[in-house]
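Given next, in structure tokens, is a single chain: the form predicted on its own.
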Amino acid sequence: MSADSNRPLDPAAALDRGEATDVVQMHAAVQRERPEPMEGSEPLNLWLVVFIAVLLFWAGSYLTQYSGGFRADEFSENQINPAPPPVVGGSGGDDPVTKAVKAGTPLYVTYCAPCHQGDGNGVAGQFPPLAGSEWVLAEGPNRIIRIVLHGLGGPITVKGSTYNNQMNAFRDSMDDVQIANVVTYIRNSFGNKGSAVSAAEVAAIRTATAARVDPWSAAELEGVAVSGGGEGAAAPAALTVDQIKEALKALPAEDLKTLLQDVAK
């Protein structure tokens, strides 16, 4: 092989016979161009990728906190709308009030907290507070049991403010034990301190008011004794004239004389 065979070829010598232009150089500009974009192959927007990543992270955190381990026996609604730890008047876990409050906590979260809120302060102008309410802290539970059983309608004044909204009846949603527990919870939470409510008290009022269909009004409830037998003291029946005469005839003459003198004064 001769030494001339190792020399680089002259570009002009590489041309085909009879050509004056190098085809490779002529198409170099075309080869530098990027391929035409095709529909469906566009790159994702960077901000969209970041947003999806943040959304997935939040969803995972939410499920971790509120899923309850995906267990059917896990009540996790109170984690979303928590009721504060109750202030219990009892002395320990075996105290009847403590046990009733514990059983009444999930019932309050389910049936009461949506309106009266987890902290018992209600919603201003719409739903009255239970914390410090004179209706809740009455000496006995006769009135509040009736409210839970049959609901409440019309204006009511609580802690100096007037509310006029409709409260649902829960006589068909909760049994006597459940109503006793939730009322005990209300009377011993949010700073309230009241006596425990028994299922027997609820049952007695449920039976006595079984014929009632309409919700209670505040005016009606004010005529109900807060404790004791229930419906309040009945007004004594007025005596007829004949009954008065018979009663006077039965009095000794001296007592009748004294009575007539007292009436004449």
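All residue numbers are counted from 1 along the displayed sequence. It should be emphasised that the depicted structure is a prediction, and the values quoted were computed from it without experimental measurement.
There is another form of this protein, the form predicted in complex with ligand HEC, and it is not shown here; the text below is about that form.
Proximity to ligand HEC in the predicted complex, defined as a heavy atom within 4.5 Å, singles out one entry of Gly194, Gly118, Pro129, Pro106, which is Pro129.
Mapping the unseen interface onto this chain, Gly154 counts among the residues with a heavy atom inside 4.5 Å of ligand HEC in the predicted complex. Under a 4.5 angstroms non-hydrogen atom cutoff, ligand HEC in the predicted complex has Met174 among its neighbouring residues.
In the predicted complex, ligand HEC sits within 4.5 Å of a heavy atom of Val158.
The shortest heavy atom separation between Ser189 and ligand HEC in the predicted complex exceeds 4.5 Å. For the candidate spot formed by Ile144, Val148 and Met167, every residue has a non-hydrogen atom within 4.5 angstroms of ligand HEC in the predicted complex.
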